[in-house]
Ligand code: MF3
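Just one chain follows, in the form predicted alone, and it is written as structure tokens.
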């Protein structure tokens, strides 16, 4: 069941989203060659606690997975999503995807960015730019009264000319009172196609690969990698749909 939000709930979600984006603005300059991903997670956990929120991802289980052991997903290069922080260090030329959410008084935010660590290849730069652009194409297609899969078509139509792979198995989702709510928001047009309506809050998140769109899940049951080991990019915003307008609740960070 799709849970539409009232004005009070959307205001609470909006505050959670603004807090998450504020965290990212401080975090992104720290994502440089040499830092361990576990250090980033420790920083995130401390920041969220001091800000009065709770890390949504920490201890979260998805479809029977073991509880996620960190506050932020850090996925590097061929890791698409759900990379688990560790003693692994970021290197020059890595593409580092960060995905995080905050629970602020029961209101949930969700946002992802892909950061270029140092100087990346032109191909990776092109991928990251196209993925970010496809996110905003999808958001522009999110309008009250229209069908959900217009978002998916907008993402797919932007990516097709680049001949990049689009991840099908994972997608965006409803969000706000829980981390994952209905409806699913795929990045290619398939599945349920409900009408978008006033009070719908969605996380739109294209996951785009340089090569194939096919993926594998590692033995940790969380980390999703590209099947051909080529680089993947991931961008995400939380948005709210109203009659007559659509608002991006998280902030632009690129």
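Residue numbers count along the first chain shown, from 1. From a predicted model like this one, the values you see are computed outputs, not experimental measurements.
Not on display, but discussed next: the form predicted together with the ligand.
Trainee: I'd like to check something about residue 180: if you look in the predicted bound form, is any of its heavy atoms closer than or equal to 4.5 Å to a heavy atom of the ligand?
Mentor: Judged by the heavy-atom cut-off of 4.5 Å, residue 180 is in contact with the ligand in the predicted bound form.
Trainee: Taking the shortest heavy atom distance, is residue 41 within 4.5 Å of the ligand in the predicted bound form?
Mentor: Although the ligand is absent here, residue 41 would stay clear of it in the predicted bound form, with no heavy atoms inside 4.5 Å.
Trainee: Any of the heavy atoms of residue 99 lying within 4.5 Å of the ligand in the predicted bound form?
Mentor: Close contact exists here: in the predicted bound form, residue 99 approaches the ligand to within 4.5 Å, heavy atoms only.
Trainee: Though only this chain appears here, would residue 222 touch the ligand in the predicted bound form if you measure heavy atom gaps against 4.5 Å?
Mentor: Yes, residue 222 lies within 4.5 Å of the ligand in the predicted bound form.
Trainee: For the chain shown here without its partner, which stretch in 25 to 33, 210 to 218, 184 to 192, 54 to 62 has non-hydrogen atoms within 4.5 angstroms of the ligand in the predicted bound form?
Mentor: Flagged stretch: 54 to 62.
Trainee: Of the options 147, 137, 153, 173, which one has a non-hydrogen atom that comes within 4.5 Å of the ligand in the predicted bound form?
Mentor: In short, 173.
Trainee: Tell me, out of 159, 73, 90, 115, which residue has a non-hydrogen atom within 4.5 angstroms of the ligand in the predicted bound form.
Mentor: None of the other options qualify; the answer is 73.
Trainee: Who in 202 to 218 is close to the ligand in the predicted bound form, meaning a heavy atom within 4.5 Å?
Mentor: Only 205 sits within 4.5 Å of the partner.
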